[in-house]
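Shown below, as structure tokens, is a lone chain in the form predicted on its own; questions about how it binds or moves come after it.
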Amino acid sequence: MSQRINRAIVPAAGLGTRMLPATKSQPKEMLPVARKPVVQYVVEELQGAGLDQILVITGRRKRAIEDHFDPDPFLLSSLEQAGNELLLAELSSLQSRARFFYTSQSSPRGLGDAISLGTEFADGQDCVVALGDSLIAGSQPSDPLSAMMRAHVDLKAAAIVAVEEVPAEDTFRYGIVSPASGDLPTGEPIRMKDIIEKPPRGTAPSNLAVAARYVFSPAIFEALPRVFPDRKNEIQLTDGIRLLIQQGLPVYAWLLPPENRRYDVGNFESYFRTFIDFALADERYGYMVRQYIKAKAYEL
């Protein structure tokens, strides 16, 4: 494919029930992690990988996401008049570096259904999918996605799926990948022979869990309408990927390197850990946070 990949779909339509009451009136994607909402980290990662056309799949009570990325001339003017160059610089990543589009998933019918709403947006081109409630940490968070995109084009892949290693006892919580070969080195595409959504305990073919970042050819939008709903009447993206594999199309797994850990904010336990780790890594306030935690540790 000669044309570069420049389109990304960010699903952010989930109800966030595991994060209630914090998500009663705001989406979980807008919960703060250190000094930014979750979805801003995702968008900055996409921008860093050169993706400048971004479709956000929203749902009920998701207007805050649109408001966050919409230009606010009055706020910028006020900051300019106050001479607050620091805040102006921090808001610059929200301004004009990408075009945002929005569509709403009227009812929660699964991740696959949400992605299928991006068919017209993708317009027959390769595209990226980045879940709006998962962050990639590291000094260069966009590096894995950039590498996946290059490999996708070089290999003429139908899909490349980021994966991470999880404890064997936790595999029932994830989509699990079965690679065609035994070893899966980091930073290299490995052909995938199967993928299973949340396998029953003790039946997972590996401990490689889907890590919330994907690169797809247009074939995914042909596969998803053919996927049968699961027991919850939801269309799973994992089943769409599995159909691509069954059709004999080239689908690859990409193991995230250790320096690019994935963080999920889908429940309070992982959200608290995410907030603490990102606060500790904050270039402005991290030192103070570390000092506070060290002092607090004596009380525990």
Ligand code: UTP
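Keep in mind it's a predicted model, so treat the numbers as computed, not measured. Residue numbers here begin at 1 and follow the sequence given.
Absent from the display: the form predicted together with this ligand. The rest refers to it.
- Here the chain stands alone, but in the predicted complex its contact with this ligand, taken as any heavy atom within 4.5 Å, falls in 132-140 among 132-140, 163-171, 149-157, 220-228.
- The three marked residues, 178, 237 and 243, fail to reach this ligand in the predicted complex, with no heavy atom of any inside 4.5 Å.
- With a 4.5 Å cutoff on heavy atoms, residue 291 does not count as touching this ligand in the predicted complex; it lies far away.
- For residue 108, a non-hydrogen atom is located within 4.5 Å of this ligand in the predicted complex, even though that partner is not displayed.
- Among residues of the shown chain, residue 18 is one whose heavy atoms approach this ligand to within 4.5 Å in the predicted complex.
- At least one heavy atom of residue 114 is located within 4.5 Å of this ligand in the predicted complex.
- Along 22-38, a non-hydrogen atom within 4.5 Å of this ligand in the predicted complex is carried by 28, 29, in order along the sequence.
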